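Below you'll find only one chain, the form predicted on its own, shown as C-alpha coordinates.
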Amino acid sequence: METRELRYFVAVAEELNFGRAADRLGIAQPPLSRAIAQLEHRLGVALLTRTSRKVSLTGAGEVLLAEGRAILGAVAAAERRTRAAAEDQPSLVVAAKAGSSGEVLAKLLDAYANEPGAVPVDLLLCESNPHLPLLDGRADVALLHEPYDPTAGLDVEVLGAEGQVAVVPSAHPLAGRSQLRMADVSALPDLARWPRRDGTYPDGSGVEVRNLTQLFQLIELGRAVVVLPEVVRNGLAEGLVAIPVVDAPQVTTVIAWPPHSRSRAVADLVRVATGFS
(Lines give C-alpha, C1' and ligand atoms only; values in the text may rest on other atoms or scores of the structure.)
Protein backbone atom coordinates (compact mmCIF):
# COMPACT_ATOMS: atom_id res chain seq x y z
CA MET A 1 0.00 0.00 0.00
CA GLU A 2 1.39 3.40 -1.01
CA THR A 3 1.18 6.57 1.05
CA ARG A 4 -0.57 8.19 -1.93
CA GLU A 5 -3.36 5.61 -1.70
CA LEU A 6 -3.67 6.14 2.03
CA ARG A 7 -3.83 9.90 1.54
CA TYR A 8 -6.60 9.48 -1.03
CA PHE A 9 -8.58 7.12 1.17
CA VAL A 10 -8.24 9.27 4.30
CA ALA A 11 -9.47 12.32 2.37
CA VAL A 12 -12.57 10.45 1.18
CA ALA A 13 -13.16 8.88 4.61
CA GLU A 14 -12.99 12.25 6.35
CA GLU A 15 -15.07 14.17 3.80
CA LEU A 16 -17.50 11.30 3.08
CA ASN A 17 -17.91 12.91 -0.32
CA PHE A 18 -15.80 12.14 -3.40
CA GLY A 19 -16.21 15.62 -4.88
CA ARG A 20 -15.02 17.42 -1.74
CA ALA A 21 -12.20 14.92 -1.28
CA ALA A 22 -11.05 15.46 -4.88
CA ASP A 23 -11.07 19.25 -4.36
CA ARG A 24 -9.10 18.83 -1.14
CA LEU A 25 -6.52 16.68 -2.90
CA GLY A 26 -6.35 18.87 -6.00
CA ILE A 27 -7.23 16.05 -8.40
CA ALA A 28 -10.21 15.13 -10.58
CA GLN A 29 -12.94 12.92 -9.12
CA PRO A 30 -12.79 9.99 -11.63
CA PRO A 31 -9.16 9.02 -10.89
CA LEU A 32 -9.87 9.32 -7.17
CA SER A 33 -12.83 6.93 -7.47
CA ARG A 34 -10.70 4.49 -9.49
CA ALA A 35 -7.89 4.63 -6.92
CA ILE A 36 -10.28 3.80 -4.06
CA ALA A 37 -11.85 0.97 -6.06
CA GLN A 38 -8.40 -0.46 -6.84
CA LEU A 39 -7.43 -0.24 -3.17
CA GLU A 40 -10.58 -2.11 -2.13
CA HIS A 41 -9.93 -4.77 -4.80
CA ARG A 42 -6.33 -5.31 -3.72
CA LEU A 43 -7.28 -5.52 -0.02
CA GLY A 44 -10.26 -7.75 -0.80
CA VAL A 45 -12.63 -5.74 1.43
CA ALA A 46 -15.20 -2.98 1.04
CA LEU A 47 -13.97 0.20 2.69
CA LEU A 48 -16.91 2.44 1.81
CA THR A 49 -20.64 2.03 1.33
CA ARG A 50 -21.84 4.22 -1.54
CA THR A 51 -25.40 5.21 -2.34
CA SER A 52 -26.78 7.95 -4.56
CA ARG A 53 -27.18 10.15 -1.48
CA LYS A 54 -24.20 9.49 0.77
CA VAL A 55 -20.90 7.75 1.41
CA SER A 56 -20.25 5.96 4.70
CA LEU A 57 -17.46 3.86 6.17
CA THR A 58 -17.66 0.11 6.63
CA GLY A 59 -16.10 -1.50 9.68
CA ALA A 60 -12.96 -2.23 7.65
CA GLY A 61 -12.94 1.36 6.44
CA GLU A 62 -13.04 2.69 10.00
CA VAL A 63 -10.02 0.54 10.87
CA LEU A 64 -8.07 1.74 7.81
CA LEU A 65 -8.99 5.35 8.56
CA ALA A 66 -7.50 5.10 12.06
CA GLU A 67 -4.42 3.24 10.82
CA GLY A 68 -4.03 5.50 7.80
CA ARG A 69 -4.15 8.66 9.89
CA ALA A 70 -1.48 7.25 12.20
CA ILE A 71 0.77 6.25 9.28
CA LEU A 72 0.39 9.53 7.40
CA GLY A 73 0.87 11.42 10.64
CA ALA A 74 4.09 9.57 11.39
CA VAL A 75 5.40 10.28 7.88
CA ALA A 76 4.51 13.98 8.06
CA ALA A 77 5.90 14.29 11.57
CA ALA A 78 9.16 12.64 10.50
CA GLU A 79 9.48 15.11 7.61
CA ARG A 80 8.73 18.15 9.76
CA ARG A 81 10.96 17.10 12.64
CA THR A 82 13.81 16.22 10.28
CA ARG A 83 13.65 19.72 8.81
CA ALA A 84 13.37 21.21 12.29
CA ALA A 85 16.47 19.32 13.42
CA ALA A 86 18.48 21.09 10.72
CA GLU A 87 17.40 24.52 11.97
CA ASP A 88 19.44 26.50 14.46
CA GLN A 89 16.40 27.21 16.66
CA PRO A 90 13.95 24.39 17.49
CA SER A 91 10.29 25.20 18.12
CA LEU A 92 7.03 23.64 19.30
CA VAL A 93 3.56 23.64 17.73
CA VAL A 94 0.62 23.44 20.15
CA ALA A 95 -2.86 22.65 18.82
CA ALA A 96 -6.08 23.59 20.60
CA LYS A 97 -9.73 24.09 19.73
CA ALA A 98 -10.38 27.78 19.16
CA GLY A 99 -12.32 29.32 22.02
CA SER A 100 -12.22 26.30 24.32
CA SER A 101 -8.86 26.39 26.15
CA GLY A 102 -7.98 30.06 26.43
CA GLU A 103 -7.30 30.29 30.16
CA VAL A 104 -5.37 27.01 30.41
CA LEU A 105 -3.45 27.79 27.24
CA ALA A 106 -2.46 31.27 28.43
CA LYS A 107 -1.24 29.93 31.79
CA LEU A 108 0.69 27.16 30.07
CA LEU A 109 2.42 29.45 27.59
CA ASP A 110 3.34 31.99 30.29
CA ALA A 111 4.73 29.32 32.61
CA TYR A 112 6.69 27.60 29.84
CA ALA A 113 8.16 30.88 28.57
CA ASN A 114 9.83 31.32 31.97
CA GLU A 115 11.53 27.91 31.78
CA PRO A 116 15.29 27.76 31.14
CA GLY A 117 15.80 26.51 27.62
CA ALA A 118 12.22 27.25 26.49
CA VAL A 119 11.84 27.22 22.70
CA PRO A 120 9.47 29.37 20.61
CA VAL A 121 5.88 28.08 20.57
CA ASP A 122 3.55 28.38 17.59
CA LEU A 123 -0.21 27.98 18.06
CA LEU A 124 -2.50 26.02 15.78
CA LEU A 125 -6.10 26.94 16.66
CA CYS A 126 -8.57 24.49 15.15
CA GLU A 127 -12.29 24.92 14.53
CA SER A 128 -12.75 21.26 15.41
CA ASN A 129 -10.82 18.00 15.89
CA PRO A 130 -7.68 19.40 17.57
CA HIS A 131 -6.33 15.85 17.85
CA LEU A 132 -5.85 15.57 14.08
CA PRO A 133 -2.75 17.81 13.91
CA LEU A 134 -1.02 15.37 16.26
CA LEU A 135 -1.84 12.52 13.91
CA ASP A 136 -0.78 14.25 10.71
CA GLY A 137 2.39 15.80 12.12
CA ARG A 138 1.34 19.46 12.10
CA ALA A 139 1.54 19.75 15.90
CA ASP A 140 3.77 18.41 18.67
CA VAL A 141 1.28 18.81 21.53
CA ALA A 142 -2.48 19.39 21.82
CA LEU A 143 -4.94 20.40 24.51
CA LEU A 144 -7.90 18.02 24.28
CA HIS A 145 -11.17 17.53 26.12
CA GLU A 146 -12.42 14.05 26.94
CA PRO A 147 -14.90 12.59 26.13
CA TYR A 148 -15.38 14.93 23.15
CA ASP A 149 -11.87 14.59 21.65
CA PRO A 150 -10.49 11.08 21.04
CA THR A 151 -7.18 10.33 22.76
CA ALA A 152 -6.66 6.67 21.77
CA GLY A 153 -3.09 6.06 20.64
CA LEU A 154 -1.78 9.26 22.26
CA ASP A 155 0.13 9.82 25.49
CA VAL A 156 -1.82 12.12 27.82
CA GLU A 157 -1.58 13.82 31.20
CA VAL A 158 -4.72 15.08 32.93
CA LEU A 159 -4.80 18.82 33.64
CA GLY A 160 -8.22 19.12 35.26
CA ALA A 161 -11.92 18.32 35.14
CA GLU A 162 -15.03 20.48 35.16
CA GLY A 163 -18.79 20.23 34.94
CA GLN A 164 -20.96 21.39 32.08
CA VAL A 165 -23.49 24.15 31.54
CA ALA A 166 -26.34 24.75 29.11
CA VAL A 167 -25.86 27.98 27.16
CA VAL A 168 -29.15 29.58 26.13
CA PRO A 169 -30.29 33.07 25.07
CA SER A 170 -31.62 35.16 27.96
CA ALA A 171 -35.12 35.07 26.45
CA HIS A 172 -35.22 31.25 26.43
CA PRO A 173 -37.88 29.58 28.63
CA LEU A 174 -35.14 27.81 30.62
CA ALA A 175 -33.03 30.92 31.19
CA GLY A 176 -34.45 31.56 34.67
CA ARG A 177 -33.65 28.10 36.04
CA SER A 178 -30.86 27.75 38.61
CA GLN A 179 -29.92 24.26 37.37
CA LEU A 180 -30.92 21.72 34.77
CA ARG A 181 -30.65 18.00 34.10
CA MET A 182 -29.67 16.39 30.80
CA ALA A 183 -33.29 15.29 30.29
CA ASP A 184 -34.34 18.95 30.31
CA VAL A 185 -31.87 19.85 27.59
CA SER A 186 -31.95 16.74 25.38
CA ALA A 187 -35.69 17.20 24.85
CA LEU A 188 -35.24 20.69 23.37
CA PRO A 189 -35.91 20.94 19.61
CA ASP A 190 -33.21 23.61 19.21
CA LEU A 191 -30.37 21.59 20.78
CA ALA A 192 -27.35 22.05 18.49
CA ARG A 193 -25.94 18.95 16.79
CA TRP A 194 -22.19 18.33 16.43
CA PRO A 195 -20.80 15.99 13.74
CA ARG A 196 -19.81 12.48 14.72
CA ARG A 197 -16.23 11.36 14.09
CA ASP A 198 -17.28 9.99 10.67
CA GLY A 199 -18.60 13.42 9.69
CA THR A 200 -22.31 12.55 9.88
CA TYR A 201 -24.77 14.25 12.24
CA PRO A 202 -27.06 12.56 14.77
CA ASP A 203 -30.78 12.72 14.05
CA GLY A 204 -32.66 15.70 15.42
CA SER A 205 -34.23 19.02 14.59
CA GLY A 206 -31.48 21.24 16.01
CA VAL A 207 -29.06 23.11 13.78
CA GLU A 208 -25.89 21.40 12.55
CA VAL A 209 -22.76 23.18 13.82
CA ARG A 210 -19.04 22.78 13.21
CA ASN A 211 -17.32 25.45 15.29
CA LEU A 212 -17.86 27.64 18.35
CA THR A 213 -18.01 30.92 16.44
CA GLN A 214 -20.92 29.67 14.34
CA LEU A 215 -22.56 28.11 17.38
CA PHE A 216 -22.53 31.20 19.60
CA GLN A 217 -23.92 33.37 16.83
CA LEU A 218 -26.80 30.93 16.40
CA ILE A 219 -27.46 30.97 20.15
CA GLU A 220 -27.47 34.78 20.19
CA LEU A 221 -30.03 34.69 17.34
CA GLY A 222 -32.24 32.34 19.36
CA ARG A 223 -31.69 29.46 16.94
CA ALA A 224 -29.76 27.05 19.18
CA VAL A 225 -28.88 25.94 22.69
CA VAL A 226 -25.93 23.76 23.68
CA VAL A 227 -24.23 21.97 26.58
CA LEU A 228 -20.55 22.88 26.95
CA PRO A 229 -17.80 22.79 29.62
CA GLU A 230 -18.38 25.40 32.31
CA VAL A 231 -15.23 27.31 31.29
CA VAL A 232 -17.38 28.95 28.59
CA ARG A 233 -18.81 31.15 31.36
CA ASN A 234 -15.64 33.24 30.97
CA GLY A 235 -16.31 35.93 28.43
CA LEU A 236 -19.86 34.83 27.64
CA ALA A 237 -21.51 37.43 25.41
CA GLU A 238 -24.21 39.69 26.79
CA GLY A 239 -27.63 38.16 26.25
CA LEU A 240 -26.46 34.60 26.86
CA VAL A 241 -27.03 32.61 30.05
CA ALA A 242 -25.07 29.58 31.35
CA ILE A 243 -27.04 27.17 33.57
CA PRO A 244 -25.34 24.24 35.38
CA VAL A 245 -26.39 20.80 34.12
CA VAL A 246 -25.98 18.80 37.29
CA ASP A 247 -25.97 15.29 35.81
CA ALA A 248 -23.87 16.02 32.69
CA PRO A 249 -20.63 14.01 32.47
CA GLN A 250 -17.52 15.85 33.58
CA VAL A 251 -15.17 17.13 30.88
CA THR A 252 -11.50 16.32 31.43
CA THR A 253 -8.83 18.58 29.93
CA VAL A 254 -5.66 16.72 28.96
CA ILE A 255 -2.39 17.58 27.31
CA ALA A 256 -1.62 15.01 24.62
CA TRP A 257 1.36 14.16 22.44
CA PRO A 258 2.40 11.32 20.09
CA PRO A 259 3.80 8.31 21.98
CA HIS A 260 6.85 8.15 19.71
CA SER A 261 7.94 11.71 20.57
CA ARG A 262 11.48 12.02 21.94
CA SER A 263 11.47 15.80 22.03
CA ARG A 264 13.00 17.42 25.12
CA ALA A 265 10.88 20.51 24.45
CA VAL A 266 7.68 18.43 24.49
CA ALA A 267 8.73 16.78 27.75
CA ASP A 268 9.44 20.19 29.31
CA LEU A 269 6.08 21.60 28.17
CA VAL A 270 4.20 18.60 29.58
CA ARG A 271 6.09 18.89 32.88
CA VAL A 272 5.16 22.57 33.15
CA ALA A 273 1.51 21.85 32.29
CA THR A 274 1.15 19.17 34.94
CA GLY A 275 2.95 21.36 37.47
CA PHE A 276 0.26 24.04 37.59
CA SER A 277 -2.81 21.87 36.88
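Note that residue numbering begins at 1 and tracks the sequence as displayed. Superpose the two forms; the largest set of C-alphas matching within 1.5 Å is the rigid core. The structure presented is a predicted model; accordingly, all values stated were derived computationally and were not measured.
A second form of this protein, the form predicted in complex with the DNA, is not displayed here; the remarks below concern that form.
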Original post:
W257 near the DNA in the model of the complex, any heavy atom under 4.5 Å?
Top reply: no
Subject >> Partner contact for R233 in the model of the complex: the DNA, 4.5 angstroms, heavy atom >> reply: no
Subject >> 4.5 Å heavy atom contact, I27 to the DNA in the model of the complex >> reply: yes
**OP:** Mark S33 yes when one of its heavy atoms lies within 4.5 Å of a heavy atom of the DNA in the model of the complex, and no otherwise.
**Re:** yes
Subject >> Candidate stretches 224-232, 242-250, 210-218, 53-61, one within 4.5 Å of the DNA in the model of the complex by heavy atom >> reply: 53-61
Original post:
So, does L269 move by 2 Å or more at the CA between this form and the one not shown, with the core held fixed?
Top reply: no
